[in-house]
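Next up: a single chain in structure tokens, the form predicted on its own.
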Amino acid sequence: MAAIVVHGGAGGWERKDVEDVKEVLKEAVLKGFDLLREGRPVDACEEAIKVLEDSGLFNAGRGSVRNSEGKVEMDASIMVSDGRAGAVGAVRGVRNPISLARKVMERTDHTLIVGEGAERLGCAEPIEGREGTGDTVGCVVTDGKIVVAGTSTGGVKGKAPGRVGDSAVIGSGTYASDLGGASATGDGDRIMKVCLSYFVVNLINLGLSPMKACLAGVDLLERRTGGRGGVIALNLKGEVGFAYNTRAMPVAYRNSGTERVLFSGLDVE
């Protein structure tokens, strides 16, 4: 079954943001789902995340926050269930870091490239940015044959220059296996300490539903590190999972059995 799930970050969303966020999430899901139906799951994951990066609503792409020197440095990663993966860290002047991560995956023999080395793979372009009210963005898709997961972020506001978070780390912010995939969001320095996305996907591999796997992952994050965050997941059957321990985490999803985009995680005051 074809399926797609996207998230807009685990954080402190406000009621005034809800309708705008839902509209952008819906656009991302519909664009990705159309590409899934064309048999293009990698494109589906990338393009869905690009919609979120370009919106300026989230801490990714155009909405990325600034570091302690007032500069934007972004991280992103993408992974396919056949084992291919690519990631970039602390990149500047890049409109869509998720596309740069895909270039690392498809055009190099490396998995993670940071800074100027990664920037040389793409065309630097000025970004008319604004700091989004949301957090990291992510997407997981399946066409019933393979699973693709991706994540993109501007990192932590006021972070040290050169700091790289979980969104660039395969197994922490992003992971995909033959049976499932996951994308995480939240306190990246703590998410890396529990390899959250790998943990969730490994539970799916062992037979847990994506929902139970996500709940267990967030519990591990909080119990082991005191971290705040969330995670989304899909299995090869197109079943969805998501969990978070923050105020909200906007999630939108659709599969072949539904006629519309479904939302969750936006019940804020």
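Bear in mind that the values here come from a model prediction, so they are computed numbers and not experimental data. Start at 1 with the first residue shown and count on from there.
The discussion below concerns the form predicted in complex with aspartic acid (ASP), not included here.
Although aspartic acid (ASP) is omitted here, in the predicted complex all of 163, 167 and 186 have a heavy atom within 4.5 Å of it. Interface membership of residue 142, defined by any non-hydrogen atom within 4.5 Å of aspartic acid (ASP) in the predicted complex, is ruled out. At least one heavy atom of residue 136 is located within 4.5 Å of aspartic acid (ASP) in the predicted complex.
Heavy atoms of residue 174 never reach within 4.5 Å of aspartic acid (ASP) in the predicted complex, leaving it off the interface. Contact between residue 89 and aspartic acid (ASP) in the predicted complex is not found at the 4.5 Å heavy atom cutoff. Considering aspartic acid (ASP) in the predicted complex, the lone stretch of 96-104, 77-85, 149-157, 110-118 in range is 149-157 [heavy atom distance within 4.5 Å].
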